[in-house]
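Just one chain is shown here, as structure tokens, and it is the form predicted alone.
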Amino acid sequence: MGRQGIRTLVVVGVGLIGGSFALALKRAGLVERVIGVDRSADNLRCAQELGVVDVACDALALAAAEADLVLLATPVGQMAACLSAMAPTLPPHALITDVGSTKGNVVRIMRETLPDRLARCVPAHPIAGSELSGAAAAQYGLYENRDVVLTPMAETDPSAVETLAALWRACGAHIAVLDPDEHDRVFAAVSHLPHLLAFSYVNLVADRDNAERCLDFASTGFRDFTRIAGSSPEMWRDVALANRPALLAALHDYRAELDRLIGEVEGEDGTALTNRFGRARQVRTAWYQKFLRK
């Protein structure tokens, strides 16, 4: 392989995120072999048939023994068990990373399960994805012009960070580096809270005595607001619990914002409502223009 390439990538959890990483590295010619590990034999079979992985393995310890890079793409609730299973067989040079959307808990788990290998641990969070899942959802270009946040620990070797950053750049991604706690506060506000609100809003409508009639007339606004409620319940349960302190703070802030909105509607304060909606529109428009330029 080239200077930045790796021989064997082990993807634990072969779905949209892990599978797309594997495909992108294959296209870039930076990996010789991809071993897939997954709880679902059917999903692994699909991954192999589609060329997402080269080898399917149902024993994590055996796969880890061959790894130059391990990418954990499992729900965060499974991560401790996976790392514990890998720990006895991981080669000393192997790089360990993940794709979870919470990072403080990942740092804690890595310190508990891999205390002698922390120099090779680089927690990460690719800002890409959709409500789709499984190996069939994997795609070559998922990470092109998307952000990937790396959250190295104090113990992480800078060369490990640079190696992983180079691989993500080869997938077309832009790299940012954040402290794990700052990462969790940021994503509680702009990712985790919106998902919880979407789930809760759909349940609110479903609990109405005229829910069927409401859904009959739901259109693009309902579709756009609730799209992320189609995401994995298991994954978002784990995220909510893993990022509990930051998410609770965001939920309390949102409740305070709702209380202010209720007060303005009850008080028929049209000026306040116009100002509220206008500011939100301005912020969202500016963000979206910047997003389109990425």
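From 1 onward, residues are counted along the sequence shown. The shown structure was predicted, so the numbers you read here are calculated from the model rather than taken from an experiment.
One more form of this protein should be noted, the form predicted in complex with another copy of the chain, which is absent from this view; the next part is about it.
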State yes or no: in the predicted bound form, is some non-hydrogen atom of Glu234 no more than 4.5 angstroms from a non-hydrogen atom of another copy of the chain?
yes
Do Arg27 and another copy of the chain share at least one heavy atom pair within 4.5 Å in the predicted bound form?
no
Does any heavy atom of Glu144 come within 4.5 Å of a heavy atom of another copy of the chain in the predicted bound form?
no
Just checking whether Trp168 would be counted as a contact of another copy of the chain in the predicted bound form - the rule being heavy atoms within 4.5 angstroms.
no
Based on heavy atom distances of 4.5 Å or less, which listed stretch (108 to 116, 147 to 155, 70 to 78, 93 to 101) is in contact with another copy of the chain in the predicted bound form?
147 to 155
Checked Glu49, Asp58, Glu268, Asp42 for heavy atoms within 4.5 Å of another copy of the chain in the predicted bound form; positive is Glu268
Just give me the residues of 197 to 226, first to last, that have a heavy atom within 4.5 Å of another copy of the chain in the predicted bound form.
Leu197, Ala198, Phe199, Ser200, Tyr201, Val202, Asn203, Leu204, Val205, Ala206, Asp207, Arg208, Asn210, Arg213, Cys214, Leu215, Asp216, Phe217, Ala218, Ser219, Thr220, Gly221, Phe222, Arg223, Asp224, Phe225, Thr226
